[in-house]
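The data below hold one chain only, encoded as structure tokens and taken in the form predicted alone.
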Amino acid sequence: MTLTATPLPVTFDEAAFEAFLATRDEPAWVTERRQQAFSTLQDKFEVELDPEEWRRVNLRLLRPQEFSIRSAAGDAAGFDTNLQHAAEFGGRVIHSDGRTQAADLADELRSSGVVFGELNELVKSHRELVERHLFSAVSPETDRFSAWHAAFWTGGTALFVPRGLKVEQPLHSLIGLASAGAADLSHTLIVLEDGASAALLEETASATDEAGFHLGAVELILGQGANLRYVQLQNWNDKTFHIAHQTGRVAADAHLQWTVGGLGAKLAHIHQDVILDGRSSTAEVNGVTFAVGRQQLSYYTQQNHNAPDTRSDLLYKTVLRDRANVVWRGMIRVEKEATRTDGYQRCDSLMLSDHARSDSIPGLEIETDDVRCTHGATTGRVDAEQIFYCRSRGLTEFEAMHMIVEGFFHQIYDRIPVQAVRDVLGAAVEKKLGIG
């Protein structure tokens, strides 16, 4: 496929950018950053994408000129959500077509100093918090998609937890597309100060079966000794395109647990970085993917160890059926200063069809001694004897397959402490197996 220079889509060209700015009611510093990002975007569209990351992503399927940023949100009532009613939340934010429909936070959390809500509003009311962190983890300079997002981001969810505060109730964020041809460029920004802890459960959903385009970014910034559990459950309809840069930066003695669910979308690509900046920082990354039909889901993950005594543990589990295609390209990078690093990555794929395809490519780049880094990948099929065994004991073929797939994912479920997430993933697997 071609990864070389292409012109900017007309709905995102210079005229569209100026028209977009005219609709925004934002501080001058936000507008200036957008203009810098748009200049970067113009340059990035003139250069080739990194073939190591993008050569297996069929971007010919994506026609950005067919999508545009909407001036009004579609009806959010039709979202088929998974997590929204599965747990009690301390606060929630709901977005539709890049615009916030609702935002609330429990009074006791607000009085404790937690800031949670719509990013568009917080750039005005909490500039001192947002300005120094926004795009500090996801750089607009990375590639054309990160610059594109930085120029046109439409809002999103922001969470700030002050030093030492432990938020017991999880928070919820819903990113939705409700209108045909709508483009959503929402941004998620989570900042935990030293010693703070919190959990944010985020999901994406479609209100209709019409095509949509999500070009997002996620920034997770953990101070010293902080603890964050972040879940993103991607469940767009099968006509939506999903591209995102997502980065977690972890300071000394902090811990990040990051769970990714890949269920929906026609074409999805996630660039996921975990950066361990401080001594004894740790990260656990969990991935659950179930692809059917002609879905194409791609992950480019990097575990960056920048300090001594750091530990990362990445485990992805993928199930494929029909003619689906899933790509995982992983890399553990250990810098010269990161002695006594412990890094692990693994991706297991279970094939339910002769026509599905899984590409799992682990890698290591180690610049120092005294480390322990391991990686692996497996691909296999459901054993016919397992199906026969289950059926001989009274189970239907569907029940047998469901049991086997649930067992395959169980190692991931055991790593997720939030029961609501485990329940939702289990229900989603059952629904996927029921697709003919």
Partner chain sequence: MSTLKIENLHVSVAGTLILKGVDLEINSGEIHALMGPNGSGKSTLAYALAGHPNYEVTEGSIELDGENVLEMEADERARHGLYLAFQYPVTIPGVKVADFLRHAVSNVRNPDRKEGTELISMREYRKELYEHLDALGVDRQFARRYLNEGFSGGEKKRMEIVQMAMLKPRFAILDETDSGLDTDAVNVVSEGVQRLSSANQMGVLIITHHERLLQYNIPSQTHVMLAGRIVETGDASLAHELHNLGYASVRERHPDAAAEEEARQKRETVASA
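Residue numbers count along the first chain shown, from 1. Just so it is clear, the structure is predicted and the values come from calculations on it, not from any experiment.
If you look for the form predicted together with the partner chain, you will not find it shown, but the lines that follow are about it.
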Which is the contacting stretch out of 371-379, 59-67, 398-406, 43-51, given heavy atoms within 4.5 Å of the partner chain in the predicted complex?
398-406
Test of understanding: in the predicted complex, would residue 386 fall inside 4.5 Å of the partner chain by heavy atoms?
yes
I'd like to know if residue 55 sits close to the partner chain in the predicted complex, meaning any non-hydrogen atom pair within 4.5 angstroms.
no
Looking in the predicted complex, any heavy atom of residue 414 within 4.5 Å of the partner chain?
yes
Using the partner position in the predicted complex, report whether residue 30 sits within 4.5 Å of the partner chain, counting heavy atoms only.
no
Can you name the residues of 277-310 that have a non-hydrogen atom within 4.5 angstroms of the partner chain in the predicted complex?
none
